[in-house]
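Only one chain is shown below, in structure tokens, and it's the form predicted on its own.
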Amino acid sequence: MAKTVAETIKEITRRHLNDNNELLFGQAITAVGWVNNTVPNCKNIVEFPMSDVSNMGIVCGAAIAGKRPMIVIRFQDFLWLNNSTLVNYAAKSKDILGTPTPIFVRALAQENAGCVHSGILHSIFMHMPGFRVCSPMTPKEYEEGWDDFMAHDDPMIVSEHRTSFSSTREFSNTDNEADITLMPISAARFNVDAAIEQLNLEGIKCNVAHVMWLKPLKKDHLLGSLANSRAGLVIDATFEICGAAQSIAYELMLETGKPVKAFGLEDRSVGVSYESRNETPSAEKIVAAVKNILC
């Protein structure tokens, strides 16, 4: 039976802690469901107090001492509190001091969980030199991200989404003759199939090129699909304005000369009521965005 994303994360963590004698840090790791059952019950788990601002300094210290620590950020909004040490030390230490700080940051996202528990913040770390940033949504992609972390000595931001945890599927890309190439990121990747099905019924042909690597951006497959399309649409599960989708769309548009638009969350805060939801673009919204580009 194929492993789910959650099972894959759990197995990687078990290997890292038991076989490599490494460390995992985080808040309420064992007390609240072992982080959606993605953390194994094994040695070398360090439970932090609710003191986010100082906790990341301890993780950086472990990395400086020769470890490759993992840290779990249960909600990506909490990264704002951990940002200072990450951005001003971990990301800069190799370039400025010649001392790498390899930290594997598991940053979990969840939608419609209130104004301070619903953020997806991978875009801000793309902006800062020194980070590797990925958003794996499949078991094999998570393994790929992990292998990349172990092959380099940079801090890595792993933008996870709880939507993916129960999934066993692997995504594939297409580069056929098409009207448009859809390039989804994070949870948007789970909404694209239904959008393409609807668009095909209306005579609009689509390619899909999935985006897992945000920094460094791996774009050969994006360019390959775009080459056979009239236009492109980059779709993200986070805010559109000043975000990953806009950055990637701009880069692809400059390189190809084709119109490439960005699509993401509206520029407003998220609440818990139905009226205040601000969700990953649905299949219906993706269809509407595609029609707006092509018509």
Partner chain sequence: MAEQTNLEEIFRRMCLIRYFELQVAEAVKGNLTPGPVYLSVGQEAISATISTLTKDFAVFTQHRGHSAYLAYGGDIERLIDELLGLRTGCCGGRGGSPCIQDLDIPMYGHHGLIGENIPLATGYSLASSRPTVAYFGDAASEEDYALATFGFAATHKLPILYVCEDNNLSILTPIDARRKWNVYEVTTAMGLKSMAIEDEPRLILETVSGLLDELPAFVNIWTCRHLWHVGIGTDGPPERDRIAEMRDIVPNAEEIEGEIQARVRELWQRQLQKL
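All of these numbers come straight from a predicted model, not from anything done at the bench. Positions refer to the first chain, counted from 1.
What comes next is about the form predicted in complex with the partner chain, which is not displayed.
- Contact annotation for residue 116: at least one heavy atom lies within 4.5 Å of the partner chain in the predicted bound form.
- At the 4.5 Å threshold, heavy atoms of residue 49 reach the partner chain in the predicted bound form.
- Although the partner is absent here, residue 65 is not a contact residue: none of its heavy atoms lies within 4.5 angstroms of the partner chain in the predicted bound form.
- Contact between residue 20 and the partner chain in the predicted bound form is not found at the 4.5 Å heavy atom cutoff.
- Residue in contact with the partner chain in the predicted bound form (any heavy atom within 4.5 Å), chosen from 32, 42, 254, 241: 32.
- Site annotation in the predicted bound form: the residue of 150, 81, 217, 87 reaching within 4.5 Å of the partner chain with a heavy atom is 81.
- The stretch among 34 to 42, 226 to 234, 265 to 273, 243 to 251 whose residues place heavy atoms within 4.5 Å of the partner chain in the predicted bound form is 265 to 273.
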